[in-house]
Ligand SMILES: Cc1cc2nc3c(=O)[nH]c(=O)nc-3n(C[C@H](O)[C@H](O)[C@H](O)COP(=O)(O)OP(=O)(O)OC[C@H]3O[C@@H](n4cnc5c(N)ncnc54)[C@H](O)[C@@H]3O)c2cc1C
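Read the single chain below, which is given as structure tokens and is the form predicted on its own.
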Amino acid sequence: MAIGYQSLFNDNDSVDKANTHKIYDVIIVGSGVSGSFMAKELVDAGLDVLLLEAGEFFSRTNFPKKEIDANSKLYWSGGIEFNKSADLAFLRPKVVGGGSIVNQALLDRFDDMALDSFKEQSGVSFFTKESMQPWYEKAESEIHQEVIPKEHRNKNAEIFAKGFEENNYLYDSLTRAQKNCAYEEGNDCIECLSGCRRDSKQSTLITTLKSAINNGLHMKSLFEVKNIVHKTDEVRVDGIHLKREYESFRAKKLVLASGAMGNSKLLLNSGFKKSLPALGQNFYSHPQFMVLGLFKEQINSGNGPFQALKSADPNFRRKGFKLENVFAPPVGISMLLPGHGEEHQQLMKKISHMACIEVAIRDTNPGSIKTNRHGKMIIDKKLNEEDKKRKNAGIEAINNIFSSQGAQRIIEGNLPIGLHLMGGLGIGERARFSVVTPDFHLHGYKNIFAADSSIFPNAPGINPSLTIMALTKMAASKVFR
């Protein structure tokens, strides 16, 4: 069934109330990377699928143009959520297409270190390069990939590269899901943090999700699922549409694809903790610390492709951190800078003279996700001494890089941010210590599945998107079995 993709979403709703009484083959909760890839696989297999998404549908014609609007319209909680002690922030997308809309579409395969740790902790045998390779290849075939050509690197990337070379560190280009970005025309990738208005970024909105919808996927956006009721032969989901209309949908099977926080919160509030004691445990986030170098000359770090390079130094990997050149729009930068009043204002006036490198650590201290009696999520996540050691090692390397390039001042950002939200439904052989089985269904619930980052048993220290895609493709065969 071919449908006009944009016209389908004029009212953000492709499912009318007449369909609330039917039983779908599968309901998917969440339209991010995993949900969209799963939807495509299932509809291609001929299943009748409903996808439910709490966020709004946007396209290249109406993505928010102002940073403050993007924060409120594309993320949960108006743009930012915090741990219990309010010293670690989390960014959780809430939009059709999920993280693929607001990230820089970075694609990396996991190395032996990540896969071996997954296998050791979970006992799951397919966490090897040999087993994962065909699934990585299938995922990569869905999306066009590029690296930023050297001639299009901006000054921030040049500082990164030269600083690495002068300090004898190893670096490499970031692989990105993008196409026809036309940097020679002056396009700035930093706008893509609010959604790509060129459809150059290969988000799921224009790849797998678009394909699934045109092949018959039913979808309801602005629908927040609040509760799951499990039965032997079906699952019912209850939720609220447009913040006012309560509705329920039924299916033979359910796929949870709303990430570490979303999946954990939904299952906790639906009463699954008693039968799944590991639910909400082993939460990781790759805490990222942005470090700014202030230079005499203009750097304009937000111009062009603002994120192009990554560390590839085995010593960094062993020490548990990675570096990437990066930047943020003005509101984001303002939250990182120290001082108040005039002092802060004077620093903000120098934003065009700032270079930026972030250190992301492979966090070792697992957090937990809980809910209180009102259903509100509580995130208990802290850095332990090893995590702080990894952070400090990364910042030392950044100081060396910026100092070698003549930075007048080096400023550590005030606020660590978790962008890669993982765990809570860890995969594993043993039900006591995990939530999801190696067949991707919940322990004891053969018609409820998950394959997104919530099933990660620990922090890999590598961008997770490509592995989420690969695992979702692997899991799809289990769902339509």
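In this text, all values refer to a predicted model and were calculated from it rather than measured experimentally. Residue positions are given as counts along the sequence shown, with the first one as 1.
The following text describes the form predicted together with the named molecule, which does not appear among the structures shown.
Colleague: Look up in the model of the complex whether Gly55 has a non-hydrogen atom within 4.5 angstroms of the named molecule, and give yes or no.
Modeller: Contact check for Gly55: yes, within 4.5 Å of the named molecule in the model of the complex.
Colleague: Using the partner position in the model of the complex, report whether Glu158 sits within 4.5 Å of the named molecule, counting heavy atoms only.
Modeller: Glu158: no, not in contact with the named molecule in the model of the complex.
Colleague: Is there a non-hydrogen atom of Gly30 within 4.5 angstroms of a non-hydrogen atom of the named molecule in the model of the complex?
Modeller: Yes, Gly30 lies within 4.5 Å of the named molecule in the model of the complex.
Colleague: With the partner left out here, check for me: in the model of the complex, does some heavy atom of Phe223 sit within 4.5 Å of the named molecule?
Modeller: It does: once the named molecule is placed as it appears in the model of the complex, Phe223 has a heavy atom within 4.5 Å of it.
Colleague: Is the named molecule close enough to Ser117, Gly320 and Pro457 in the model of the complex that each of the three has a heavy atom within 4.5 Å of it?
Modeller: Contact check failed for every one of Ser117, Gly320 and Pro457.
Colleague: Using a 4.5 Å heavy atom cut-off, indicate which stretch of 124-132, 347-355, 100-108, 390-398 touches the named molecule in the model of the complex.
Modeller: One stretch meets the cut-off, namely 100-108.
Colleague: Work out which of Leu47, Ile448, Leu419, Leu415 lies within 4.5 Å of the named molecule in the model of the complex, going by heavy atoms.
Modeller: Contact check passes for Leu419.
Colleague: Tell me, out of Ala360, Leu254, Ala257, Leu209, which residue has a non-hydrogen atom within 4.5 angstroms of the named molecule in the model of the complex.
Modeller: Looking at the other structure, the residue within range turns out to be Ala257.
Colleague: Just give me the residues of 153-181, first to last, that have a heavy atom within 4.5 Å of the named molecule in the model of the complex.
Modeller: Stretch hits: zero.
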